[in-house]
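One chain comes next, on its own, written as structure tokens: the form predicted alone.
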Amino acid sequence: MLHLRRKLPYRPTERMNVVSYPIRDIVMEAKREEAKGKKMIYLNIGDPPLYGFESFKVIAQRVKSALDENYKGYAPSEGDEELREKVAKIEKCKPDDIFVVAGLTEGIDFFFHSFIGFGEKVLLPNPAYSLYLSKAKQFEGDTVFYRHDSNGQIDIANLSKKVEGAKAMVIINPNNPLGSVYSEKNLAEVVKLCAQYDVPIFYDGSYDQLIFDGKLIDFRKIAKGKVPFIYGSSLSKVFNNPGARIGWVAFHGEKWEEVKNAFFLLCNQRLSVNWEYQKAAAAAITDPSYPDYIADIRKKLIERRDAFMRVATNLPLSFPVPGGAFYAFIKINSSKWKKDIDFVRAALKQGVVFVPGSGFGRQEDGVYFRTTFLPEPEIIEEAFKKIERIL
């Protein structure tokens, strides 16, 4: 006799209830405004090609030649050998310490998947890039936030009260969403604390070539031999090719063998990252024309940062001066707004798309939003003149 089960609606697992990405989630509301005929200025996402920034040309050239060479099949799970060897030279570690991932996004996912257990304490910056918040919730870690001072530096006194017992600490430098750049002194103090309490570091170097004022900071030199750390980077921001989805992580120091084994298994189960872009990454990261290319990108970003500063500093807003990346995390100095989402929705009515500050962690001292300053200066000025009406 055939027994038929009553059909039930498909429901996502409980874990899906904590999945969010506010940077793109707000776009759904923006598109509804756009459908009404309103012109929108999108300042919500850090996507350089969207704003006219050209990708490093070597990447496209090498992709084409790699396809001609028939790099169309599955690549090695852990990454193309040539790319891993070149990254290892930059990182001053072994190729076996390098894993190629589908953008640093996947590297972050693999890190939480392989290292952060139920209820284990992970230190995140406040504010923090939204993905870290989502991953910490998905893998049920105990998220503890460390603060920044008014200049956007890590508050060492605050961190010293929270570091003990942490399974890991995440550092994003230059910081997304603050746009601040941690000084060598600040990072050295963090490393000293983490070494004292045996806390390894996941260092997100996605924007490490985009420092505007002063010299580029090499965290590897600060931390090497003092504390175990993972250094992550990608083609997305410093090569202006986020669509390539090519990133890598480098393991430094001892105690990582089990985590590296877990990374290998995770790489195996997703098969591989597209091979032609890995070949392009291998060519790009050692190309002699890159220093001139990235110097020009920094120059353009400084012009746009300065245009943002000219208009934003005349409004009831406060924020650390962005010293890198292409974001600002802004506090509204007005009692008019009690909730960040209300302000962001009002800005949508004016035709400007921001991300609510709560998308980067709970902000207890006021109402915040994040903007990018990637567009051309006149567009940035137009956007902030529009929101002046609602401040």
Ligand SMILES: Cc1ncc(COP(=O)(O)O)c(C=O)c1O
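The structure displayed is predicted, hence computed values, not measured ones. So that there is no doubt, residue numbering starts at 1 and follows the sequence shown.
Keep in mind that the form predicted together with the named molecule is not shown, yet the notes after this line are about it.
Taking the partner from elsewhere, residue 186 is found to have every heavy atom lying beyond 4.5 Å of the named molecule in the model of the complex. Using a 4.5 angstroms threshold between heavy atoms, residue 245 counts as touching the named molecule in the model of the complex.
At least one heavy atom of residue 104 is located within 4.5 Å of the named molecule in the model of the complex. Shown alone here, residue 278 lies farther than 4.5 Å from the named molecule in the model of the complex, counting heavy atoms only. When the named molecule is considered in the model of the complex, only one residue from 282, 98, 172, 194 comes within 4.5 Å through any heavy atom, namely 172. Of the candidates 305, 237, 135, 84, 237 is the one whose heavy atoms come within 4.5 Å of the named molecule in the model of the complex; the others do not. The stretch that touches the named molecule in the model of the complex, counting heavy atoms within 4.5 Å, is 202-210, out of 265-273, 314-322, 202-210, 135-143.
Applying a 4.5 Å heavy atom cutoff to the named molecule in the model of the complex picks out 327 as the lone residue from 304-336.
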